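What follows is a single chain, given as structure tokens, in the form predicted on its own.
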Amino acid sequence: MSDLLVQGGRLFDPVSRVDGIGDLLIKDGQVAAVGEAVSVEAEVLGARGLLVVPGLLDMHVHLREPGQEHKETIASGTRAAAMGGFTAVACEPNTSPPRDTAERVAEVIETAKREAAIRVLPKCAITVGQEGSEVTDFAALRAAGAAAASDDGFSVRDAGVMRDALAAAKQTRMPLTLHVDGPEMVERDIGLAAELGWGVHFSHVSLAAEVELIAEARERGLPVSGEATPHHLALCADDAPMGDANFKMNPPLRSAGDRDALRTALVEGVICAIASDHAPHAPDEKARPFEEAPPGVIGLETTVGVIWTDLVHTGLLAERAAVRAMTAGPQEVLGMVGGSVSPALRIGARGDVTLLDPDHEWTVEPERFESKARNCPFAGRRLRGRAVATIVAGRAVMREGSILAPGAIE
């Protein structure tokens, strides 16, 4: 493993309280020096004029493998993630078959070792077959490497089953990331979290009423958190062309008031994470009539550009908050804090780093994406802000819009 010197960039880590021009040395896969001018024999990556931040983490991604490889694969999805500046993704379990056994979690981990461009953190299903009737074996799934449990695409309708899931999650310290299906389910699950004493995280929050419930719970000191997608933060129902399935998603685009409530919640820290909910579909599937087309949009390669264009450069969101919501925020939900397991700009931390150019202007051209899918609601938009290098364990896997030859990720 060669050493890498990231030279002359603006080192920026809100949690480690690093903000200044300097060098970053990654040695043997870990951060070895921060800030001071470093003179060593190492590969040099110039970063003048760029933001150097801890590796971005997208905690809500659909990679579709196994069973739906015509939509996306672990290889293609992680290449798309690397293009977007992400050094790690947590992938949802609604594959075919669902990821509800330890063997299926292990299969994803093994495939990722061979084929992924970045780190892959597999989620497992909360219930067997994602059918909402029987809780999966959290102990075995956690031991196999499951990063969190989710029945994404479905809410666990039966309150008794959800209570059992929370009890099992508490016993195994399994993070729960729950499919949001309206304020009623959010209120119920907050109540169960308070009763069982274990946290819940709500995926793709989209309604002002959901935000209010999460905010109230956090004010009461409950371990409750939420995420929002770039499309729900940037768009509202009025922005969707009639009949265009590239704007069909679950949950759907909401009112301008709901969008603004999400933005405020992100600014105030009620929403702790930005997650793409990257949901690829084959072009012929999205070409069907709107009512027949599957819901979901892709977002790995546009998240940084959309957030900087619509929120940071407009003054709605501080740069510090944007970086935190794509680094420390999702890390905390998944329990990736402290030691060397989480990316950070501090000595001894994992050497996963993203270089961002906040002023890079580019046009969204889905036909040039690394993802197999093209179902992007931002096609044709001019964005300002883009990842220009993605570094995993001290090795650049993407530089200046090109994916480099992948290698083993340790």
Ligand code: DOR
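For every residue, the number given is its place in the sequence shown, counted from 1. Since the structure is predicted, the reported quantities are computational estimates derived from the model, not experimental observations.
The same protein also exists as the form predicted in complex with this ligand; that form is not shown, yet it is the one meant from here on.
Contact annotation: residue 281 falls within 4.5 Å of this ligand in the predicted complex, judged by heavy atom distances.
Residue 309 falls outside the set of residues with a heavy atom inside 4.5 Å of this ligand in the predicted complex. Mapping the unseen interface onto this chain, residue 94 counts among the residues with a heavy atom inside 4.5 Å of this ligand in the predicted complex. Interface residue remark: residue 296 is counted as part of the site for this ligand in the predicted complex, having a heavy atom within 4.5 Å. Here is the short version: of 129, 145, 153, 191, the single residue with a heavy atom within 4.5 Å of this ligand in the predicted complex is 153. The single contact residue among 328, 234, 249, 83, judged by any heavy atom lying within 4.5 Å of this ligand in the predicted complex, is 249. Per the 4.5 Å heavy atom criterion, this ligand in the predicted complex is contacted by stretch 145-153, the sole one of 111-119, 98-106, 145-153, 132-140. Along 38-67, residues 62, 64 each place a heavy atom within 4.5 Å of this ligand in the predicted complex.
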